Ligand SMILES: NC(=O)c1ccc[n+]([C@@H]2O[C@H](COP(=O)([O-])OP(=O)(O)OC[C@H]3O[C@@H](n4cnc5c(N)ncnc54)[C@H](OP(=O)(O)O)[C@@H]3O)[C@@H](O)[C@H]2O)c1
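Only one chain comes next, encoded as structure tokens, the form predicted alone.
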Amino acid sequence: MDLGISGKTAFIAGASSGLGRAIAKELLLEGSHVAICSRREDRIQEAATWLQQQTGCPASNILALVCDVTDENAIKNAFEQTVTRFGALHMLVTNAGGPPTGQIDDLDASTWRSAIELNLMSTINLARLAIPHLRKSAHDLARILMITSLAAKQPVPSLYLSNVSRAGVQGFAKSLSEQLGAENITVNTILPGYTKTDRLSHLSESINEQTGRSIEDIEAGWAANSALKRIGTEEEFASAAAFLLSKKASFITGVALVVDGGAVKSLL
């Protein structure tokens, strides 16, 4: 299937590893140009090298940027570099690392503020500052895709910070989709379930430290809770993301797509 994104430009936040990097790989395989960002120079350069090796694309198709997504000026600068390099912006993928685990008694006000800043405010600012660029591309292709988590739909024990901040992103995305729909800009969210990433490994290690349960038992429990009885792969998630970013998804907006192997049990 031709997704219609060859030659188009995507900006992908939090792309030094995990789901962001997996989406970058999928888009490069489809012929897109990608700007990838992370807070650390060494990690984002390593990701750029890995992506080129994995896809065989020209190095000129990848722009590796250092950008702290909690810094508005850094975001503005990153978008300007992207448009200068590739000529336009067609696709925005918002993404940031997950906040720490903990129960209500473990989390003070500063921890809550940091989580909201990282996962909700960064998403709002990325979208807000990308919109002027996307409006210029809306006659052709303009997509916003926000990575949240199944925690936004079905709260996960010990993930208070993620449950709350991700749900906030859902409310923002739905509101934004209503405003931008008339301008031919789609806004969707994609909610990963338990997917084999470094983040998931860190989560299982944290739960192991808090509860004493073995990592193998924790991961087996996650797998057992899904309809497919396994943990997902980065590639499976990235394929779904690429579709929502594509021309083929032109009549899909305001949707929260759960990519979780059937772990969420709600009807809608």
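Note that residue numbering begins at 1 and tracks the sequence as displayed. All of these numbers come straight from a predicted model, not from anything done at the bench.
Another form, the form predicted in complex with the ligand, is not on view; read the next lines as being about it.
The stretch in contact with the ligand in the predicted complex, judged by heavy atoms within 4.5 Å, is 60 to 68, chosen from 238 to 246, 205 to 213, 60 to 68, 27 to 35.
Using a 4.5 angstroms limit between non-hydrogen atoms, Thr123 is distant from the ligand in the predicted complex. Using a 4.5 angstroms limit between non-hydrogen atoms, Thr186 is distant from the ligand in the predicted complex. Within this chain, Ile23 is remote from the site of the ligand in the predicted complex, having no heavy atom within 4.5 Å. Using a 4.5 Å cutoff between non-hydrogen atoms, Thr9 does not count as a contact of the ligand in the predicted complex. When the ligand is considered in the predicted complex, only one residue from Ala96, Ala130, Leu161, Leu141 comes within 4.5 Å through any heavy atom, namely Ala96. Interface residues of 168 to 205, taken as those with a heavy atom within 4.5 Å of the ligand in the predicted complex (partner not displayed): Pro192, Gly193, Tyr194, Thr195, Thr197, Asp198, Arg199, Leu200, in sequence order.
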